[in-house]
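Below you will find one chain, with nothing else, as structure tokens; this is the form predicted alone, and questions on how it binds or moves follow later.
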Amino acid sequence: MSTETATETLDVKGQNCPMPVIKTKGAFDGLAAGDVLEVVSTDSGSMSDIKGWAESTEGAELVDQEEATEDGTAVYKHYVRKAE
């Protein structure tokens, strides 16, 4: 489990590229400075997609990514902080 404390969680399980990134951007835009968004996805491609999005988005800091298993399904968790 990540040491990051998420301010908000975005569940995009069952959705494939490009929806996890599109929905992450929408949720990220609504965050206050310093907030951390947890994105939970079942799309393995989201690991590179969200990393690339954060690297190319001003004010977005990808602080952690982890792979876990929930009910026998692989899930990918991403923690993105909005810069202050």
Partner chain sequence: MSADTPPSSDGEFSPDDVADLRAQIEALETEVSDLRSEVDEGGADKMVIIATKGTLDMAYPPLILASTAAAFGYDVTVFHTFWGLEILHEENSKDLGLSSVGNPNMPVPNAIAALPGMDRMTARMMRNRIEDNDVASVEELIETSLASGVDLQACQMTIDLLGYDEDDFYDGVTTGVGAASAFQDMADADIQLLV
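Positions refer to the first chain, counted from 1. Computed from a predicted model, the values in this text were never measured in an experiment.
Form predicted in complex with the partner chain: not shown, discussed below.
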**Study point:** 4.5 angstroms heavy atom contact with the partner chain in the predicted complex for Val75
**Key:** no
Point to revise | Thr9: touches the partner chain in the predicted complex, heavy atom cutoff 4.5 angstroms | key: no
Exercise for review: Could you confirm whether Leu62 comes within 4.5 Å of the partner chain in the predicted complex, counting heavy atoms only?
Suggested key: no
**Study point:** Close approach of Gly52 to the partner chain in the predicted complex, 4.5 Å, heavy atom
**Key:** yes
Study note, to complete from the structure: Contact check, 62 to 81 vs the partner chain in the predicted complex, heavy atom within 4.5 Å, ordered by sequence, gives none
